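In structure tokens, the next block holds one chain alone, the form predicted alone.
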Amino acid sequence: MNAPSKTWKDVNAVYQIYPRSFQDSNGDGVGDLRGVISRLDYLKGGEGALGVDAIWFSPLFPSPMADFGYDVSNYCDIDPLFGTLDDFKELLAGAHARGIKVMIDFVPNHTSHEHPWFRESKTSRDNPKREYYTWADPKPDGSAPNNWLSIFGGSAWEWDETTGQYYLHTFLKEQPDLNWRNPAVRQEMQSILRFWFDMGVDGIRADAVRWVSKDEHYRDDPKNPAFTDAPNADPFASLLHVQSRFGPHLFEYLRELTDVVEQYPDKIMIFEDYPDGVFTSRDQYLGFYGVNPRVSMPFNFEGIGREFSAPSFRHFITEFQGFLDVDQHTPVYCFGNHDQPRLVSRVGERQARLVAVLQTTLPGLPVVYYGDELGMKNGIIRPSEEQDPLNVIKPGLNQGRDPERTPMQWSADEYAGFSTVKPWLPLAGQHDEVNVATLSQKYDSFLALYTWLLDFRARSDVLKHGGYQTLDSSNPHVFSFVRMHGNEQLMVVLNFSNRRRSYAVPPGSHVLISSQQANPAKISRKHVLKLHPYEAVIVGQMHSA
């Protein structure tokens, strides 16, 4: 097998794999690299394959797993839980043979407290690695240097008795923040990128980058005037985090990383960043796009948690597309990931099918979270089964991320074909029906819809490279847009309402695909598209202007 390699500009979609939950190969209840290798044909190349051109792995590095791999103790190896570097090289070779690009997570803001750098850093104030991390003296009363908060709760500062200073941790205390003002740290990060690119990795997803630059004077974050101290309010929201992140050198530091990316042919870096109430979306996005649009771009997560309505989705997509430079900027739309509730659980089953059509027909690079192509729902995790520390650290806020990280459902077997033993997290419900083996036999399943959409996108120059234009900007129920490339065009029509809706289409139009395959919308003789509730369709034209 030797499938032709695509450039990133031709990749139809990225598929995110949470490695603990994709496929267990050795019977320990935890997913691993050899499990992924055994499932590569499902992703591309095998009979009935999903058909993605790239995969992205959540962290695989050695880690104490306080935050499930985002606390890295060695950036240049594979955690034994997942396998070995040789396993990863075999996976790379197998993926590349099928024409699949491989992207890995990169965690530049912090390490594990067990990383050798931090172990040295905390031995004394004059250790050469001391300046690898952010250390500060206490206030005269002995309290923390400022009021910055940890996302995981409490102060972002942890006292170290040995050296009589505090160290900064934006996340868990087991995840000390690196000091990016130190050129040696930035050089270390660049070397890590070279290590993986030299091995053959095709892309980097850069985690939590907004925190790598902070106010150098450690000024307090101002209070959030809109915060109310309700029982279910997250104390982290009590401050406006304008000093503890988005510091003055953020884009400068990121540019140094992308300079490394650009030294290799056809590599990319995607920055994790969420919409922020403090900074305007336009300035935030364009700041990240301005780092180096030839090889890097930010995610667009605005579709996660947004009101499910035509005006809401039309607004964020039209606004976003409107300020991008179509010749330089690559949109990366993402409607689900390992930190957010499952798409079906957020919006509903028919609505999730609509989102599938929307995502795969928008410009740029869509990212699909594993299991969303099956319509998997959040798992129900009892307190005794919880693995994620968030619900323990911040009780009552329901922020635990276990429900969206449950094992991939391959079959109706006892453990869904994921493992031969009880998995590390319980299976989500209905795995006897919602699984690859069962859904691959149904022409109107979630899996069939995604497979068709990804195949169509892979073959469509209009969807991969075409322009975008919003239609009918005031319709309260239907969001529609057109994609154009040369003399070809496709119309996408999405009914966000729970009632049937009619929508006028040009003469000569015909329905190419519907999110409701079993009963697709029809076009009347008067050129009116009759949409079912929550139906999305792609409309082609016999003759395009």
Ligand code: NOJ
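In this text, residue numbers run from 1 along the sequence as written. None of these values were measured; they are calculated from a predicted model.
One more form of this protein exists, namely the form predicted together with the named molecule; it is left out here, but the text below deals with it.
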Q. Of W196, F152, W148, W424, which residue is found within 4.5 angstroms of the named molecule in the predicted bound form when only non-hydrogen atoms are counted?
A. F152
Q) Of these, S460, S445, Q175, S73, which has a heavy atom no more than 4.5 Å from the named molecule in the predicted bound form? A) Q175
**Q.** Contact segment among 424 to 432, 356 to 364, 201 to 209, 229 to 237, judged by heavy atoms lying within 4.5 Å of the named molecule in the predicted bound form
**A.** 201 to 209
Q: Indicate whether the named molecule has at least one heavy atom within 4.5 Å of a heavy atom of Y285 in the predicted bound form.
A: no
Q: Spell out, yes or no, whether the shortest heavy atom distance between H110 and the named molecule in the predicted bound form is within 4.5 Å.
A: yes
Q) F171: heavy atom within 4.5 Å of the named molecule in the predicted bound form? A) yes
Q. Taking heavy atoms only, is R401 within 4.5 angstroms of the named molecule in the predicted bound form?
A. yes
Q) Does any residue in 47 to 67 get within 4.5 Å of the named molecule in the predicted bound form, counting heavy atoms only, and if so which ones? A) D67
